[in-house]
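First, one chain by itself in structure tokens, the form predicted on its own.
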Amino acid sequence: MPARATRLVIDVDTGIDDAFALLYACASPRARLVGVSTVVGNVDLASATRNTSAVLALARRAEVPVWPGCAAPMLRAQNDARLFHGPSGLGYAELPEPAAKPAPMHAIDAILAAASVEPGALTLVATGPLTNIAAALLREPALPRLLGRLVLMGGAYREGGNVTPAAEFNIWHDPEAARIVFRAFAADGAAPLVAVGLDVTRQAQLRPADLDHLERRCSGLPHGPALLRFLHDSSRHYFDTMEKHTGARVFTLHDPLAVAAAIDPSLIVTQRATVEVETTGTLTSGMTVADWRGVWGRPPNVDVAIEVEAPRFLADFLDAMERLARG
């Protein structure tokens, strides 16, 4: 008997890897995508919302509602990651203007409504800054008890950051929001908070040869040309930027790994830890400080991903893209 599909809401700031994560979720038979909320982060809110709708249309899932959310961090000036994601957020790719309009409901209301339909059944996946999630918690502090799980792409727990030596971008972009979220999931009865951070996402890498292999697999499939064009054109910008900065043409699949771990938790190994988010440090703002040895004497609040079956994840991701190409 097939396993019950995971009921998902994904909160995104759709740049390139968010787009790949959405395509993966749309292609997975083990996921039931309830809706997608958008937040400022990699790009501004309007671009994130437009990109999200366009990617869902590419996946032939235009019926999935897109709920725009917060347009600025809680207390900080807005920053972005267009250096890696390009001016539009989708690299060199160009997608048609989506016919579907964003849903009229605000992301905060939509997340709370989706969690309340069947308490304990919804997995919320955050692949961008945690502004929407924190705002929803301020509105309804019981949210951690309504969710089945919160899986987030964010943080660096034993490794250095990617936007500063200490901090990963999603947490750094709105550390006050991240602190609210991490503390809320320390409460009694809270659902598990699973953090898929740089410690494991840096092991999940796509290379140009993988896309070339996928193109051969998708040859002759009805939806292959449009999908492969998007995958090549969007990732090429990321490859170019990484080559300039590191000398290697690699694309780290940060957000797709978080979605994959939400659908198939066996892909990762986690360790419980007490985690706090630094908000005031001059050099460490946005740092996820993990107390691995119990120095604080406080109960753990986060299941931190410390290992990943990266080859199995990459194979599953490529299989999912072939399913989309097949239709």
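Residue numbers run from 1 along the displayed sequence. Not measured: the values here are computed from a predicted model.
Heads up, the form predicted together with a small molecule isn't pictured, but that's what we're talking about next.
Which of 247-255, 101-109, 205-213, 114-122 lines the interface with the small molecule in the predicted bound form (heavy atom within 4.5 Å): In the other structure, the partner sits against 247-255.
Candidate spot D17, M153 and N170, all three in 4.5 Å heavy atom range of the small molecule in the predicted bound form? The answer is yes; D17, M153 and N170 each reach the small molecule.
Quick check on this chain: which one of A184, A166, A81, A135 has a heavy atom within 4.5 Å of the small molecule in the predicted bound form? Selected residue: A81.
Listed residue (A177, L198, L193, L147) with a non-hydrogen atom within 4.5 angstroms of the small molecule in the predicted bound form: In short, L198.
According to a 4.5 angstroms non-hydrogen atom cut-off, is S88 in contact with the small molecule in the predicted bound form? The answer is no: S88 has no heavy atom within 4.5 Å of the small molecule.
Would T127 count as a contact of the small molecule in the predicted bound form, using a 4.5 angstroms cut-off between non-hydrogen atoms? Within the cut-off, so yes.
Using a 4.5 Å heavy atom cut-off, state whether T241 contacts the small molecule in the predicted bound form. Looking in the predicted bound form, residue contacts with the small molecule do not include T241, since no heavy atom lies within 4.5 Å.
Interface membership of T38, the small molecule in the predicted bound form, 4.5 Å heavy atom rule: It does not: once the small molecule is placed as it appears in the predicted bound form, T38 has no heavy atom within 4.5 Å of it.
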